[in-house]
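Shown here is one chain on its own, the form predicted alone, set out as structure tokens.
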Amino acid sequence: MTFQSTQDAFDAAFSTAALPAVLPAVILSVGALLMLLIEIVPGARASRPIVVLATLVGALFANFTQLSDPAGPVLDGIYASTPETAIWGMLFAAGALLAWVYSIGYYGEKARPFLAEHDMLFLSAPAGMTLMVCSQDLLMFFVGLELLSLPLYARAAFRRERHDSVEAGLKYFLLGAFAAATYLFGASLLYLATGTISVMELKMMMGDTITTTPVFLAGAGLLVAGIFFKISVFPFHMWVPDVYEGSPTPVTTLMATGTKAAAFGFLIPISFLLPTEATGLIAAIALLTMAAGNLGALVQTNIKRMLAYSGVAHAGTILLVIAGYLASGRDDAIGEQALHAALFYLAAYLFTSTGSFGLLAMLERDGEDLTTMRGIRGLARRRPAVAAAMTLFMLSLGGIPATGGFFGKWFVFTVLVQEGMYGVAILGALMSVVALGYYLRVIVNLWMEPLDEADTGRVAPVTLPAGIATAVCALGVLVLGLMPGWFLDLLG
């Protein structure tokens, strides 16, 4: 690339038409760079929380402005701003903000000298998520994927003094590198078959004989398999429990919600690459993912591992909408409905999962034994507000009515029923019923089991930031459960 072409690309990015579209990513990137400068400027460290807060709120507002007036395709069509991408961006910024709030006071003395690096990586991740969902180009998506993944690898191993944290970071890095290579190999085969990596151009080619060639089909399969790793569907899910358990819980909070949302935000719009004959295969993978996640969660005694397997099951549930889209013959209207169903589901999951992991992060400060089934016995007698919030989040994860999780599942199964996939919908609903077994076990331990006498004096107060974040998550779950039309109106 010459100096002139680089300057032209820079001018295009900051043109009047393109700037509103790229502004959320720019704000997050500038905030991350400021975090590095804060470390070397004397007396600037005290402004670190202000910079993080201002950056995430700024990105949230910048995405909000794109809801009513999206910029559309910019940068020669490799990047697009739509109402859907604006909502994705708002979810990423909100999720990162809530996870960061839960991290306040979480780390011990050994980690505090490195909190600026921690916050810089916290801001880099949502910037990568934003690039992923706004990408209209396979290479642009990969840039966003790595901008998300590399900070997560480092943050998973952030507690360097702990072997399980270092192991989590190393395991995530090695498997993530393999998944990235798989994605790139698939993208290269698609380019070999078609001569383009533009999503729009690939969509226009669908139906041509070139899209039925073995090279094209192999490329599409490898590309989707690389993304399957990020959303942790069967058989690419075995890394999840170990990485979630070993990572610092605030990191797990963002990892469990943002990564899954960003990957689905790109996977659903490019699922047209899959042949309609793959409907049964995708449905089978989704159901196997739900089975592996729910059955794995049933036998866990550590709540972080239980929620990790639960996240696998939820990924399988969302994957069902792609099966519904393929069953429709890749109808654009059904594809839009599938995207909206996934958006609602992941919005509810963001508040629910963030609140659950955030409460675990809060309990870990009193001792990690409080994040086990035995450790939370009788918690309602010591911390009734925490127990009530955790109960709400478990009910939402289980899909109980009047919570956001209920309507999330309802919209997913609606897509299947409309396409006549009754058997798949029934099996999926039965798998969701199985999940109630471990969610209700948490509630039983919170409220009905006797309090361990050794824990009677452990009643550390809830910090104000964590209390506010928990209240926001609880409010989000209830609003989506009682007034789903409010969110659906944003989708148009």
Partner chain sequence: MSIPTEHILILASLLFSLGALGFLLRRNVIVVLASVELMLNAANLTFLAGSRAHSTSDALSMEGPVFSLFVILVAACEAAVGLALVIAFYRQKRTVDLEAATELKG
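Numbering follows the first chain given and starts at 1. Note that the structure is predicted; figures quoted are calculated from it, not measured.
The same protein has a further form, the form predicted together with its partner chain, not shown here; the description that follows concerns it.
For the options 206, 298, 284, 192, the residue carrying a heavy atom within 4.5 angstroms of its partner chain in the predicted complex is 192. Proximity to its partner chain in the predicted complex, taken as heavy atoms within 4.5 Å, picks out 238 to 246 from the listed stretches 238 to 246, 322 to 330, 128 to 136, 386 to 394.
For the chain shown alone, residue 309 is a contact residue for its partner chain in the predicted complex, at least one non-hydrogen atom being within 4.5 angstroms. Within this chain, residue 254 is remote from the site of its partner chain in the predicted complex, having no heavy atom within 4.5 Å. Although the partner is absent here, residue 150 sits close enough that one of its heavy atoms falls within 4.5 Å of its partner chain in the predicted complex. Using a 4.5 angstroms threshold between heavy atoms, residue 185 counts as touching its partner chain in the predicted complex.
Contacts between 472 to 490 and its partner chain, taken as any heavy atom within 4.5 Å in the predicted complex, involve no residue at all.
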